[in-house]
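There is one chain below, alone, in structure tokens, taken in the form predicted alone.
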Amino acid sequence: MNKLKIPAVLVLAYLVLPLAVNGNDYVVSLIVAALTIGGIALAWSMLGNLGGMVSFGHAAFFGIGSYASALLTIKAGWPVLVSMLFAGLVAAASSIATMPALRLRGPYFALSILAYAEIFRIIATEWKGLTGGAAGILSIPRLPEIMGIDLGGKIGGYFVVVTLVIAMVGIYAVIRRSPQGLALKAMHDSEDATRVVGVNATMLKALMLVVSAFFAGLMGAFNAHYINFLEPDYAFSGSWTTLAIVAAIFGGYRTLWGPLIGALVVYLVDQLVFKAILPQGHQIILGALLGAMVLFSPTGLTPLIAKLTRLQRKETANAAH
């Protein structure tokens, strides 16, 4: 993204969109939910694009971040924003438990992470003294008020989540351009060849898993304070992973903004359009749309738009001559 586009994105995110939907709490809630999914999709894409690992269990880190932040604010009295950041670190630390899975490849790694998500869900359910068990946690502290802006409200929550996802995109861009990011990209072509030239592939994969878990946990922490309620089946629901994967693939998981754009398009179109057309089973239309995207543009929506834009510019230039 060039320097001219970055200010345009910021103006759209912080000024135009809030003014356009302010007063419509339902639409704002849908956008916040879509951005939350987009944040998980970005975390998933970091691991898939740079680490070369497909995860079916990012709900594990999302759930751990949710519970960590909720418990830190309720039981330890920590400020909400501080507890959210620390919850991301807790989720990152929890990824260490999944490190043995790095020895696996392909679907075996994906399924092993899914198993960890189920283990964490069971722990949250059975450890009633800490988590409240299946009954969950009620009255989780709201996001605070800062400089007259109630971050716990709909628009305030939007500002928080859009800040988080934009920061994630920025960090993702820095990692991609770093020497470690270039080494990770080289691993996609030949991991054995990169090992020969001295690249510690296992260490880099572990690093990407930790970073990806941190961001998934951070999104979980935000969500916990936004909805003010948690229970294990919700916090560790596989839908957090499924929707993130769909969004990332639809938008283009190998691009910076693709996962985020995919989440906004997929979730908002599904809730505002497909649900109105087919209240029961509207996911069928979404599945068909995703299938069509995979067939006709395997790289996702963002590269497709870029390709069409280039073709349009070329045709315009040819017509001018």
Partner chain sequence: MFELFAQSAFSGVLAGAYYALIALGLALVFGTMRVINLAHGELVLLAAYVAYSAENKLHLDPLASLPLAVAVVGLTSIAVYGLLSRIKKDRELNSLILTFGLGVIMTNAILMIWSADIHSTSVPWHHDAIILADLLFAMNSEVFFGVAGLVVVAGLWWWLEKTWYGRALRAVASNRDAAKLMGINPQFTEILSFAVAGLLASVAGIAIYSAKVIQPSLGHHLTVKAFIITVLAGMGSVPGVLLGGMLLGIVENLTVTLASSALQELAGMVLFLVVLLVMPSGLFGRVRRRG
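On a predicted model such as this, the values are computed, not experimentally measured, just so you know. Residue numbers count along the first chain shown, from 1.
There is also a form predicted together with its partner chain; it is not shown, and the following applies to it.
Proximity to its partner chain in the predicted bound form, taken as a non-hydrogen atom within 4.5 angstroms, holds for one residue of 256, 261, 30, 54, which is 54. Only one of 30-38, 59-67, 268-276, 286-294 places residue heavy atoms within 4.5 angstroms of its partner chain in the predicted bound form, namely 286-294.
When contacts are judged by a 4.5 Å heavy atom cut-off, residue 237 does not count as touching its partner chain in the predicted bound form. Remark: residue 161 does not count among the residues lining its partner chain in the predicted bound form, judged by a heavy atom distance of 4.5 Å or less.
Contact between residue 126 and its partner chain in the predicted bound form is found at the 4.5 Å heavy atom cutoff. Of the heavy atoms in residue 110, some are within 4.5 Å of its partner chain in the predicted bound form.
Within 4.5 Å of its partner chain in the predicted bound form, a heavy atom is found for every one of 119, 242 and 249.
Shown without its partner, the chain has 100, 101, 103, 104, 105, 106, 107, 108, 110, 111 in segment 80-111 as residues with a non-hydrogen atom within 4.5 angstroms of its partner chain in the predicted bound form.
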